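A single chain comes next, written as structure tokens; it is the form predicted on its own.
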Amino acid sequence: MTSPEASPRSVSQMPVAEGKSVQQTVELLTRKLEMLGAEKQGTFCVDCETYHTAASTLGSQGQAGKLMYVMHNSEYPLSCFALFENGPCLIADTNFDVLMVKLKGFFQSAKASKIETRGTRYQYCDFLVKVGTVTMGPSARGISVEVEYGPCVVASDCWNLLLEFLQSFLGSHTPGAPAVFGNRHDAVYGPADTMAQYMELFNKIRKQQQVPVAGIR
């Protein structure tokens, strides 16, 4: 089965503006987009839950457990994505969540691992922009920015256009080309490429939130 096509997109983290909260920075970004002439096109949500290999399956060889990230994207409401660390991405239907419950002898949900981003979609000419607030539990942890270029399906054909547009409203915080662009230089871009970028973003934000035990009061 071939991977479904999708328009190439860049997913990156926007730092919180100095002296501002996450929500205030999101408002600054969305105001910039509206000043450019972008129009609101509904909302979006991407979520991710981490599973680790159950201890009972590792044996006594001192093997390291593997991580699997089960993700959903409101752009693909009938699909569920399972991404393995440094491995493939499985695209299944939403019944996969039920299957994970039955596989708890092999994969167990990591405690408090749920992370998600929610926000508003904006259309500007051929670009679709999603600015989201990343949350873990009740707390806002960061800002995600996804930019999609609609008329294209090969990432290498449109990165310069994406970059130019990103620079117009992210300025010095414009990201470099996503790793998936380099890995699939002339290949058709697919939904799994977007989910891999969100997985990297979520893991980056998780690491930023890790506090040494000695520093906890």
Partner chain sequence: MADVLSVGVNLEAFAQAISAIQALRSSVSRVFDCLKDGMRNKETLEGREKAFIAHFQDNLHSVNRDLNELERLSNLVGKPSENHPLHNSGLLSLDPVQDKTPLYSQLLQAYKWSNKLQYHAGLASGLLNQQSLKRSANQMGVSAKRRPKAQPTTLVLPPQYVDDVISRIDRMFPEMSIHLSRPNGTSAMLLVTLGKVLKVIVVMRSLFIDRTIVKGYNENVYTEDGKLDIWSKSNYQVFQKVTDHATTALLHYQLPQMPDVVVRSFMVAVTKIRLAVPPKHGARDGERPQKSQTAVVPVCWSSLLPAPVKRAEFGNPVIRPSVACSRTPRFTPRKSADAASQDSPPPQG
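Numbering follows the first chain given and starts at 1. For clarity, every value in this text was computed on a predicted model and none was experimentally measured.
What comes next is about the form predicted together with the partner chain, which is not displayed.
- In the model of the complex, every residue of the candidate spot (C125, G150 and L163) has a heavy atom lying within 4.5 Å of the partner chain.
- Contact annotation: G182 falls within 4.5 Å of the partner chain in the model of the complex, judged by heavy atom distances.
- In the model of the complex, the partner chain sits beyond 4.5 Å of every heavy atom of Y69.
- Shown alone here, R31 lies within 4.5 Å of the partner chain in the model of the complex, counting heavy atoms only.
- In the model of the complex, at least one heavy atom of L36 sits within 4.5 Å of a heavy atom of the partner chain.
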